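A single chain comes next, written as structure tokens; it is the form predicted on its own.
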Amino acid sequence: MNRLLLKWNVGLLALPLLLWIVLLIILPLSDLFISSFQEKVGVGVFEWGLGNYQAFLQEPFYWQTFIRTVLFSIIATMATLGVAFPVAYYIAKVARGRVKSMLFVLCLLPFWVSELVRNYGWMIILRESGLLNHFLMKLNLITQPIEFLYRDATVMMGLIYTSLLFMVVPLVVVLENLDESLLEASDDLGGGRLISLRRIIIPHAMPGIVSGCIMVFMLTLGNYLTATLLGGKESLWFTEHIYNQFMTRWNWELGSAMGFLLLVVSSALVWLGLRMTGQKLNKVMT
């Protein structure tokens, strides 16, 4: 009786999670998958086929933007890791007490406002009449305003800024569990900082590195606001094509095909990353 009651309680506790997964993940993705194989041949008339995927492959503008988005997302993920790792190590192993808490709050602070507000903040700083140009001209470092917006470097900076917290948190969690006696033993044996980093710190932090890279890559690949506001027309992101198909051209079938392709490729790249690093998904996400 007690076991049966326990099973019922566990089932009731898991019910909200199951509803969340079914209603917000499984059903939408299933509808996306089905719609991607439908071709509109008339008003309310559809045929099954691969026409949407063929249209994607036959239009160089689509697949070139797709490849560009994937490559930029990988670069942004690696750059975010490069910025976040020293920050996370300092928070986890060097900072103490209030300093540690303050640094963590500083990483969290930008997320107290929405992504839209953060991007508008960057636009105010970087535009021709913005704060950065005003400051540089006051110092006589430039003679006329420079347009810092609508560049690939600006988009990359915005993506790193937006994703930094999602890389710092898993790194801090794993680095806090690093036994400092291992580092002391390495120093005593003449290992040096680089050898300790390569043979002790990075292998220990690998689950956090992989976890952070997965989250940052997914967020970057599916980002829309940062690429649109900071990149402009000169820095197209694949999510802009998906948005245009759904909201501008009302071609939901082609938009579904593009969205499903993005999902498949991102999942394949995550799987490849796990295989290359020798990590397992259940270990990375715990």
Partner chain sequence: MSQRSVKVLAGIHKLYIVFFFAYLAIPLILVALFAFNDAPYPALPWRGFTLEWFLGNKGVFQDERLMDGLKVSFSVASMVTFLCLLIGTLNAFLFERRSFPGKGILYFLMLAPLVVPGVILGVSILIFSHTLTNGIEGFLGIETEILRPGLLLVTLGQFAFITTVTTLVISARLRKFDRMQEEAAFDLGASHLHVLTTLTLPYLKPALISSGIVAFLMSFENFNTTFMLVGSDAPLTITLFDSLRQGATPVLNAVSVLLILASGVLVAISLFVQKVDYILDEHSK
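Numbering follows the first chain given and starts at 1. Quick caveat, the model's predicted, so the values are computed rather than measured. For clarity, a rigid core is taken as the largest C-alpha set superposing within 1.5 Å between two forms.
Just so you know, the form predicted in complex with its partner chain exists too; it's not on screen, but the next bit is about it.
Among 27, 50, 57, 67, the residue placing a heavy atom within 4.5 Å of its partner chain in the model of the complex is 27. The stretch among 139-147, 201-209, 124-132, 177-185 whose residues place heavy atoms within 4.5 Å of its partner chain in the model of the complex is 124-132. Using a 4.5 angstroms limit between non-hydrogen atoms, residue 118 touches its partner chain in the model of the complex. Using a 4.5 angstroms threshold between heavy atoms, residue 78 stays clear of its partner chain in the model of the complex.
The shortest heavy atom separation between residue 160 and its partner chain in the model of the complex is within 4.5 Å. In the model of the complex, its partner chain sits within 4.5 Å of a heavy atom of residue 224. Taking a 4.5 Å heavy atom cutoff to its partner chain in the model of the complex, the contacting residues in 86-115 are 86, 87, 89, 90, 94, 103, 105, 106, 107, 109, 110, 111, 112, 113, 114. After superposition on the rigid core, the Cα atom of residue 264 is displaced by less than 2 Å between the shown form and the other one.
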